[in-house]
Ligand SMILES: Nc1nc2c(ncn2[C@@H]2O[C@H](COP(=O)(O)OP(=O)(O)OP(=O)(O)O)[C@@H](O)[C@H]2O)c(=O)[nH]1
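Encoded as structure tokens, the following chain is the form predicted on its own, with no partner shown.
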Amino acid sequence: MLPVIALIGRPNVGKSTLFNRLTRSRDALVADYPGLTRDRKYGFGKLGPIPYLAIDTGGVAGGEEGVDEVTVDQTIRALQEADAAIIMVDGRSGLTAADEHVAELARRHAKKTWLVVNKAEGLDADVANSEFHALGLGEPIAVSAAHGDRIGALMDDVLSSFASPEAGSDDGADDDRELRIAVIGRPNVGKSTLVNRMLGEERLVVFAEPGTTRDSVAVPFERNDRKYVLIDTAGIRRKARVHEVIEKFSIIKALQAIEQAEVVIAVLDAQEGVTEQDVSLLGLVMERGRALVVVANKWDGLSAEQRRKVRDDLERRLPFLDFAERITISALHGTAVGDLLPAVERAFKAAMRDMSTAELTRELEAAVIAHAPPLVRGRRIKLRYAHQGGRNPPVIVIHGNQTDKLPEAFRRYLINRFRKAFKLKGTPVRLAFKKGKNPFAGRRNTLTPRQERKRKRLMKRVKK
């Protein structure tokens, strides 16, 4: 399981700034489902020695009435979900009563704590830390979330006690190894019914009450001598409908299941259509680069007009998932459920496909001939060759000049060309660009005339 790190503190100490730096996002909305929770935001950590989940919380002002009562409750839940907590204080404002209240919450509910003195840029670390020893949370660490000062060292320390998760996504397409499939979706869309139907037996509790599944349940099985593990996740619910304490782990478990899986089956309720929560959850699967099959369940109860509307809704609201197979089923009656595992296998094989440098470069050249890159300040963007840089999802590395100026529309065009040429249906495709370096850059004024002529001849050969 990915370790979970919670960021807590009073308002305006820089929690969201640190969250954005850890997740390399810009607005603390990496996994912000509308209505998921009011004060907690979730993101996959991208700064540190191993992967992890980060939780941003609302500021605790010290009181427990009205709005702040909700904030305190959300902070406690975040601490209970997390494997470690970073307690943030403001090095420029000094110790406050609200900091002491936050420290007390951490002492009562956190498993491990790190006390971080933020906004310490330009300050002597010993001076900035001095008065915060009184909180009794160990040795304070002076950082600057805004400038990134000592954040890397902080995360090295926080994550040092956690084992690196198994790199299951790059193990290779070995038929003897089990294929992990996460079944995700909102509550009561039929995930557990679908898993039972795929297994052919009542292995999971199915009940009409939304939120029956409280935790991720891993179920191994075999089909046609192929080993699988189905991970049934608890539904992600709107905050207004979350009342039971037992549901507090649902979101983290679902996000961890996505990270563990090699293929994700996203279940939608065809009778309700595509909701904002569906779009947000599927966007997170896309961000994690997981192979994907989109399933519209409860299809049997729809009229022809309703089915047409759902298909139009899928096209309109999920254009970024044009790579994923979409299957309409009835988990209750078993209609088209048999199509799911073949679709999962196709998506997995696409995600693990090997592509040679020669084949990729030929396709890149054909794409450039068919549709040339644009001019930038009178100079044509040049794409020279491509090679594979990773699998699950496939990463294609393209070398050339001015690649950072390549428009987004042209990048999508290249992705579509590669997807069609290499049959990459069912998996996202990522492009990485590398610019060629001029070995004579910055030396022109120091060259002799003979060296200058030699440089020009060399550059002509490079361009060819």
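Keep in mind that what you see is a predicted model, and the values were worked out from it rather than measured. From 1 onward, residues are counted along the sequence shown.
What comes next is about the form predicted in complex with this ligand, which is not displayed.
Contact between Lys119 and this ligand in the predicted bound form is found at the 4.5 Å heavy atom cutoff. Taking the partner from the other structure, this ligand in the predicted bound form has a heavy atom within 4.5 Å of a heavy atom of Val13. At a distance threshold of 4.5 angstroms between non-hydrogen atoms, Ala145 is in contact with this ligand in the predicted bound form.
In the predicted bound form, none of the heavy atoms of Pro428 sits within 4.5 Å of a heavy atom of this ligand. Look at 392-400, 53-61, 405-413, 420-428: in the predicted bound form, residues with non-hydrogen atoms within 4.5 angstroms of this ligand sit in 53-61.
Scanning Arg317, Arg380, Arg92, Arg362 against this ligand in the predicted bound form with a 4.5 Å heavy atom cut-off leaves one residue, Arg92.
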